[in-house]
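Heads up, the chain shows up twice below as structure tokens, two forms, tagged structure 1 and structure 2.
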Structure 1
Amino acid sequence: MAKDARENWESPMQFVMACVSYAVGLGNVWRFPYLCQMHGGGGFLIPYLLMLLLEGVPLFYLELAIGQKMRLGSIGAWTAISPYLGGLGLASVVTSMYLCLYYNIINAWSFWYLFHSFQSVLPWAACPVNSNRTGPIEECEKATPTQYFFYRETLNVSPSIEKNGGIHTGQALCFLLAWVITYLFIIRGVKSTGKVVYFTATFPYVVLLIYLIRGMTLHGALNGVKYMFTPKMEELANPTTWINAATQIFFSLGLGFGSLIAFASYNQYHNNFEWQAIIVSLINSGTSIFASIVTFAIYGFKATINYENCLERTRILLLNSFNLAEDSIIINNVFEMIEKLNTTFPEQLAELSNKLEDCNLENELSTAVEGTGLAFIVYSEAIKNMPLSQLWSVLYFFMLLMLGMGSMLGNITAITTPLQDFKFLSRISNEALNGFVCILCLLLGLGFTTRSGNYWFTMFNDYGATFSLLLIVLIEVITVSYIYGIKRFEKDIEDMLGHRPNWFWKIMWGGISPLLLITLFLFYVINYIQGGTPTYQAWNKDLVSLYFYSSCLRWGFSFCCLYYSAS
């Protein structure tokens, strides 16, 4: 397709919405709150915002500038800079393809939960009855209803990755539906994507706002919010805190996949991408903080309920053991009564030491959960305790679906745009090419709908793209700064914007950002070497808990490394 015949976004706002829809994804909801919880609450915002300034915004700016200048997808854009760099664009396409294989399974899970939300009683609210109808199913009774629904009803998970167990029909149908919706969203390229992103970019904020209002009215919500904004400054001395902040910024903005270059290639040549890069980066980070407030309000509610239930069990135990009057112990004076009983009946209280639980609100709040555990178990646990739980469930899982679908639009565009730039493929219609890519990814991704699919998902998600993306973006910034040349890049930007980038951008591209990327890359290499054999957590039906498993994973990880090396 000739450059002058290239499709364009209908307006700059449409481009901004596409970038927001792509960048603001599931990681903002289920990864950032976990990092805040793990690294000192509000104190984590210091390294996070600093890394946004030094790494996130400059690299986001750089990719938008390349796409808008070259008006080509990743392969064509890097080939135009140097014929020897076509492989860099190809690496971005392969990485996006790799992500597409498993990312839509999250949307399939969201569909599954969404469909099951339209019931008079949420299916994860209580344990199902066993086949003899004599009581709850033992596996569910030993775990929790939310854990049972996710691991047994949703995934029907196998005991290890080596035991395939066949395709889960329900998940396969939801996976098919996710790909059908994805195809309909991108069927005509930017013409259809540009209209869809208005909804996928804005609807999650509507739900988050509703959840914030509702969440702040929940019992104990302020305990969670207070925990988030109480900084533990000692965490700033921990190098891992800074590494995780830089990593979160890097992956949250979607750098290295080629999606931003593809999106920017559909801009008008003189579009002001500089301000758009700043605005989208700030929206993305602001969303992470906003989502964390909502999440910590939910955390506070769940933790307070668990804490008070623990106190109530302790109260009943003390009443029964010491034959006390019903109103002699209330939740608020449990600890005071334990001290009194320890003074008056020390031997009898000592006999109860094995039965007395350690009720601690701080411990409940500090229990860090991320990923699918947060999105599909912790949130489900909180939702089932809310009035009108079905309504909140529908809103929440539809929001997850929109976040996932919005990111998928960028991932698919990163694949199809470079392909359409090839002359021999430019004659193929958008409908046919997009359909082919979606069908290919659907067929290759069916393995994630098997009973062991969750383990493969975890392996792909944890070990697959980290090294390749860091290396891709590192080569990008070094190429622009030292091969293509900063001065030449300045002139290109001046040609598009009417002014040259100021000293800040040049210092970031030429020194600070590459050093940060090299540090991140070395950290992950050293961490992998020192970490030994990679492991994953498997669900044990008998113990009804997660345990670490390493068999077969080494082969799988080696396969991933070889796959990327070959690419």
Structure 2
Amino acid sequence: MAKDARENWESPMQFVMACVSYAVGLGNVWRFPYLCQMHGGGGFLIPYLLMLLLEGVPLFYLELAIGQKMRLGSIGAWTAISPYLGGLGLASVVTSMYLCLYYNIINAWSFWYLFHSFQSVLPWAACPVNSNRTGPIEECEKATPTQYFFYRETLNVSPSIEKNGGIHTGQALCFLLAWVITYLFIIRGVKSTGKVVYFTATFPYVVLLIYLIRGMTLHGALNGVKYMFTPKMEELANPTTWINAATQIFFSLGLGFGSLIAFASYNQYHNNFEWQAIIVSLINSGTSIFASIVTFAIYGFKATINYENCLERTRILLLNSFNLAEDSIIINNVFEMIEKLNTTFPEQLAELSNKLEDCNLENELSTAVEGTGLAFIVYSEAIKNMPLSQLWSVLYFFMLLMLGMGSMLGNITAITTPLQDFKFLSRISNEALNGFVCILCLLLGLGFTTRSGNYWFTMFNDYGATFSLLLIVLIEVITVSYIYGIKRFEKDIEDMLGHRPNWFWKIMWGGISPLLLITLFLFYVINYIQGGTPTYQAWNKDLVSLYFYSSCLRWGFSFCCLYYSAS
């Protein structure tokens, strides 16, 4: 029984849901708000939307067109365009493989936090008691309970990347679960993926909406939102702002991995992917903006709580040192009292000066965090202060899971689809091939569950795919515009859609997008050369802080360079 007819999505809606589920991922939640804050709040939207127009939508359209026309995965599709370009598809597959190895560890962490939310008191709400029950554990007291829970109990992180430690069993179990669920979702190819993506695409929006309503009603949330949306237009003069906007659009849409080509290859030949490309790109950007409103409401809440706690600690310190009656200082007049005490008891106040903290709301708001720090530390800190925190915790980590799983589906499909196109592998059934890929990634990815796993994860996340993706998409666009030829491409699209693409698309493919990509690529190369040895942040148990460490990355880096030159 040969598989002669290619599988198809059951309806165009499934395809759109799959693309949305893939493109809308963790980056929308934990990278975009950070960039927004760093580059002038509301003003950042200008370069962001401009780059979406010039670079995001045209490249998205291009990949969908290739996939739908060639009806093959990335290796087959590029080989069909030109026999010398099989390597391009192979590079996409290898990059997807890289991503699949480390991405599921985030889902493992989400599972860990999700399962730990089913307790009467959230474990990151308070420090655990030390062995002689006289107080909290020292490491936890110096840091915050949320940081302690993440670095010590979740990761049991080692002091540096060289010290491997053993495998953290809890992490390994959650990692196994993440892969088992991934296998369940892709077990029958698009037949199973198509049904799952309805849920993974829509559920995050439900949670974001609930969080928006909850967030806006939190004490101090509006401080955060106001802070975010106040545009600082001077940031637009900084070239880094534009570079970061372009990079964010590029990576947020998931171009270059081959997932979009793979998804589109299961479309009906005459599917109207033009409006689908526009809609998915707009949904992706809209979600980023929506998520950042929620994030900033949460930031505002957390900053206000920290500020008020700081004021409270200062108040207690003053009361205790000067033996004043309890109601003489309240939170609102702490600063006035400090002034008064400065005039009446200056020497005593001077003695206290090293214990007195500087409570400043602006400072609290401007501590911008991105990445896993935002998702697992800042958010859990905000959640523990909300009433009914278990419910909010479950909702939030389930949403993170849906976002992460949706993106995983795309990346795994980017590997399995080209593999299935090979003649010698088509005899193996779908299920067996998918299972083999999952087991392979599971075994190789166990390294991320060791005690130094977080550092490996950071290395892969920050340096693993950036270069190769830029190069891949650049070559893609140049190939289609100049080697394959815009005219032939136009005819293919006319064949599929019934009308030729607008002049706008042709200008973008032929000129603007390649120029933008070359600029980005050059910028990254210059940055690498000037940057010296790459560094990572390590958690120091005694100082209880993150400090920069830059040793063993060198050999890992040269490994990366070797594989880029090979593909």
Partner chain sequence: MLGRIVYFLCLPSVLAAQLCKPNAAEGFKVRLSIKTALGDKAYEWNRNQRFLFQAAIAFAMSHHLDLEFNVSNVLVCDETPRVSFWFVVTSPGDPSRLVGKESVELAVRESRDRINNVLLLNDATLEFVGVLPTLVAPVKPATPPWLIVFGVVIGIVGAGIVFLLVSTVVQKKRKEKEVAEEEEDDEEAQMKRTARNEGIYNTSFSEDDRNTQM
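These figures come from a predicted structure and were not determined experimentally. Rigid core here is just the name for the largest C-alpha set that superposes within 1.5 Å across the two forms. Counting starts at 1 and follows the sequence of structure 1.
Of the two forms shown, structure 2 is the one predicted together with the partner chain, while structure 1 is not. Positional change of Asn156 between structures 1 and 2 stays under 2 Å at the C-alpha, relative to the superposed core. Core-aligned CA deviation for Pro346 between structures 1 and 2: 2 Å or greater.
The Cα position of Cys100 differs by less than 2 Å between structures 1 and 2 after fitting on the rigid core. For Glu326, the Cα shift between structures 1 and 2 is 4.5 Å when the rigid core is held fixed in the overlay.
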